[in-house]
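Next comes just one chain, in structure tokens: the form predicted alone.
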Amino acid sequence: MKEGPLKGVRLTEFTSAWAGPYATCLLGFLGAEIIKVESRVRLDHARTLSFSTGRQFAGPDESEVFDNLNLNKKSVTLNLKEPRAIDLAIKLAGVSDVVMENMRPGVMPRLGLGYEAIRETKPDLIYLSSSACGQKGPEKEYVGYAPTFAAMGGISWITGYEDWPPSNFMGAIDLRSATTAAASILAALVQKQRTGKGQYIDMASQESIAVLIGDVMLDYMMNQRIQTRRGNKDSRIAPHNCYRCSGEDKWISIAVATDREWEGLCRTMDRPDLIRDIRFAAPEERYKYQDELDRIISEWTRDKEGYELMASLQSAGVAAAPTLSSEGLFKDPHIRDRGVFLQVEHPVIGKDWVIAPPWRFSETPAQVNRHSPLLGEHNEYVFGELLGMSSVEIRRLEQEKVIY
């Protein structure tokens, strides 16, 4: 089996929920060794509860949600209320290249596990703190989850229909924040490779979302325009919408940006007369009469199958694709052909569907090597092999609920 591009990099994480664990999971796909520090005193809630589905899990090793967010990782248990556990955590950080945490700002320094404390043991350490609003500023201690990241990052305001309130977002926002965190760690690793120096990364989930709507911010800064919700409409081009297809709640997304694409759409619809229609003769006119355009296109698509429409329109150079539900995505033939969904054997869950890494490397593959770790599964390896503790000492600290 080929090794991933991050082979030899070790990361210790003190994270929970989605935004922290998925960031390190991405790095684990790339071959980094990820050691997750957990505690039976306070479990990662992803082990016991799915916020997105409302499902509760009977035991800490039964969550498919946790499995998907923590593939390829190792797990150790430390009761961080115990000073001896803090000492072990510092030693573990000392044999790591990267530390990541997503506790509320101030918690890690109060525990003695902040960047300044750990860099005394590991001067070239890369240390990332992920929080809702960052480590500095008047809102630094505010609690945050995906809906608040989206609201404070500006994306909720611009998402929804014109006559609807701003939209509420869930876990997908966490995953966007996580991707930003993973990218920043990769950049710091490159810098360390060049200079031998580590650094501290203060990452705010609010800001990681805000940067994704840069065009909206530029519009305000340059033109003093406050963009708001407009459903599926674009600010300049039409048609640009989702149109009903045959079947229950089936839709196709169609976007037309150029006159050539417009002519391709008209010919595919067998409506060459629309090309000559003065209402639709130019992009500005199509935008002006887009409601009428949407009505015409909807009448054409409503009794047709989505994939067949996509094939016809794409052949004509028109951007079009079925608007897939989660079920549709899971069954999509292209996605299946690329192996996006994999089954991993988990010792408690059994065969579990997981999502594969989103990259294809030709020489150093990103890959799923194993299921998520059982709680404390790697205590013996980490404390024994990495930190040099004897089995007797490990058993004693387990009995004293330090390793716990």
Partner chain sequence: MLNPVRKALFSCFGRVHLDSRQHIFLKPGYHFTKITEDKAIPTSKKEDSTKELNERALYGVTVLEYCSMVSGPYCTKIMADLGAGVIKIEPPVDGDPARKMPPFPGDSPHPEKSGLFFYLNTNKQGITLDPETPEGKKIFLELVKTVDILVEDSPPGHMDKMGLGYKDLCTINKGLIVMSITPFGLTGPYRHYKGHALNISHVSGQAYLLPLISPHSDRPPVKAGGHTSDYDPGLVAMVAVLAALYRKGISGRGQHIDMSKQQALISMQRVESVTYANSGIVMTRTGNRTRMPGGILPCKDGHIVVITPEDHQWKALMTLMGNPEWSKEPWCRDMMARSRHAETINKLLTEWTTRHTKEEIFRKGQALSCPISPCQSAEDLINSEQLKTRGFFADVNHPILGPLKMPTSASRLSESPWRFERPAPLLGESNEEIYCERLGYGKEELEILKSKGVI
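A quick note: this is a predicted structure, and the numbers were derived from the prediction, not measured. Positions refer to the first chain, counted from 1.
Beyond what is shown, the protein has a form predicted in complex with its partner chain; the following relates to that form.
Residues with any non-hydrogen atom within 4.5 angstroms of its partner chain in the predicted bound form fall in just one of 264 to 272, 86 to 94, 191 to 199, 277 to 285: 191 to 199. Although the partner is absent here, Lys136 is a contact residue: one of its heavy atoms lies within 4.5 angstroms of its partner chain in the predicted bound form. A residue is said to contact a partner when one of its heavy atoms sits within 4.5 Å of a partner heavy atom; Thr121 fails this definition for its partner chain in the predicted bound form, lying far away. Looking at Ser208, you'd find a heavy atom of it within 4.5 angstroms of its partner chain in the predicted bound form. Using a 4.5 angstroms limit between non-hydrogen atoms, Glu377 is distant from its partner chain in the predicted bound form. Note on contacts: among Val107, Ala117, Ile158, Ile296, the single residue with a heavy atom within 4.5 Å of its partner chain in the predicted bound form is Ile158. Met203 is the sole member of Met203, Cys245, Ala238, Leu80 with a non-hydrogen atom within 4.5 Å of its partner chain in the predicted bound form. Along 287 to 324, residues Tyr307, Met310, Ala311, Gln314, Gly317, Ala319, Ala320, Ala321, Pro322, Thr323, Leu324 each place a heavy atom within 4.5 Å of its partner chain in the predicted bound form.
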